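Consider the single chain below, provided in C-alpha cells and representing the form predicted alone.
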Amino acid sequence: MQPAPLAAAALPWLADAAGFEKQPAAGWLKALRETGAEQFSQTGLPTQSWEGWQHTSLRQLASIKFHYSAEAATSDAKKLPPKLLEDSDRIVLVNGQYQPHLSAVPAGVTVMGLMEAVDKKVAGLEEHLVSVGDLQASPFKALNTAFVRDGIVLKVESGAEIARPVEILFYNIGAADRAPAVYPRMLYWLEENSALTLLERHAGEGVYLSNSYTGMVLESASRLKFYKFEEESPAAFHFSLVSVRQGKGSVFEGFSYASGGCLAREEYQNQLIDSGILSSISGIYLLKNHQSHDFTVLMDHFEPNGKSVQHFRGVVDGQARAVFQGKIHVRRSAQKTDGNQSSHALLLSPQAEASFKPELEIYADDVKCGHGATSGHLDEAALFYLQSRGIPAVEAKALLIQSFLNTTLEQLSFAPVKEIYQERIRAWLSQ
C-alpha cells in the first residue's frame, strides 16, 4: 500500500465515479471500474520521482478541480471545425460521447457507443477491455478505467478495404466555472485482411482534461494507417495511451502531429505478437511558450521477422519542454528483428528544453537494432548562406525548420495527410 497522504490525494479524482454505483451495468464492467478506482486510489497521479515521469511535472493539475459528468453532451454542428479532408467520412465525439447524428460511417465499418456495445454483448469486447495490464504502473490508465463509460467501438469487417479515410473528431468543451474531465475509451478493431485509414483529431475550447485509452486490434494481414492531430485548446491537458496488438503479417503506420494543450503526454505500446509484422510510429511536435509534451513509446517484439520504426522530430521555442522516451524490447524468440529509433529536436531559444531517453532491451541473438537522439540549435552557417543569397532572416529560418521536419514527414505513405501536416507547420511558423 502507498502512504496515506498519497492515497488521500487521489480521492477527489474519484469522487464523481461514485455515481456509477446506482447505474445498471454488466458485472464484468462494474468489476473493471472498481479495479481501476482501487488501483488509482493507492497511487494517485505520478510524480517526478516515478520512473518515466522525471521530466514531466503535473503540478498544474493540482490547481484545477476537474469534474466528470454523465449528462448528455451536445454541441452545435456549426461550431465544429471543418473536416480535415473533404473526401472522407467523419465520426464525432463531444466530451468523449459519441454523436451519431453528427457522424457518417462508411460501408464495411461498424461504429457504436461503448455502452451500446456492452449492452449488445459484442463478441470479444470484454476480452479487449478487461486486459488492461498493470494499472498501478499506469495511473492515468487506472483513472480512465474507473470511469469506463464513454467512447466508441469501431470494427472493420474481414476482407473490407475502406477506400475513403475516416476522421474521428474528439471535440471537448470546457467551462469557466466547471472544468470537465473526459475519459473516452476506444476500441479500433480490424478483422483479418482488412484495411482502414484513420485521422484522429483532438480539439476543443476552454479548460478541460482529456484522458483517453485506445485499444487497437489488428488481426492477421490487416493494415491500419493512423494519423493523429493533437490540437487541443491552449488551456487543455491531454493524456492518451494507445495499445496496439498486431497479428501475423499486419501493418501499422502511425503518425502524430502535436502542437496543442498546455501539458500533454502521448504513450504508445505496440505489441508485435506474431511474425512478419511491420509497426511504425512517428511524429512531429511544435511547442512554444510554456507548453510541455511527452512522447513515450514501447515497441515489443514477440516473434521473428518483425520490423519496428520510431522516428520523431520537433521544434521547441520559448520556455517549452519536449520529452521523448522510446524503447525497443526484443524477446528471445524474436529472431531477425529489425528495430530503428531516432529522436531529434531543434531548440529555438535558450530556455527551451528537450529530454530524450532511448532504450534497447534485446534477448535475441540475430537482430538489427539501433537508436539515435540529438538536440541543438539552427545551423548558423546555413542560416548565413541563405541570407547571403537575399533571403530574409525570418524566411531563411522557416526554410531550415521545414527542411528539418520534412525528414520525418517522409515516413508518411498517404500524400493528402502529409500535405495537411505541412500546412500546419507553415501556419505555426508564420506565427
Partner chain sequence: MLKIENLHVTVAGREVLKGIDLSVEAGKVHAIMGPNGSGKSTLSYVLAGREGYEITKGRITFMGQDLLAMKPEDRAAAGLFLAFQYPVEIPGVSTTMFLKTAINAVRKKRGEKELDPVAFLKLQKQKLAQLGMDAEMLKRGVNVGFSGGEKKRNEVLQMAMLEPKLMVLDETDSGLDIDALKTVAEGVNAMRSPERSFLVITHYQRLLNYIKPDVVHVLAQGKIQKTGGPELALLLEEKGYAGFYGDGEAA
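Positions refer to the first chain, counted from 1. Please read these numbers as outputs of a predicted model, since none were measured by experiment.
Same protein, other form: the form predicted together with the partner chain, not shown, and the subject of what follows.
For the residues Y385, W50, Y363, W28, the 4.5 Å heavy atom test against the partner chain in the predicted complex is passed only by Y385.
Proximity to the partner chain in the predicted complex, defined as a heavy atom within 4.5 Å, holds among L58, L32, I391, V367 only for I391. Look at 392-400, 65-73, 50-58, 369-377: in the predicted complex, residues with non-hydrogen atoms within 4.5 angstroms of the partner chain sit in 392-400.
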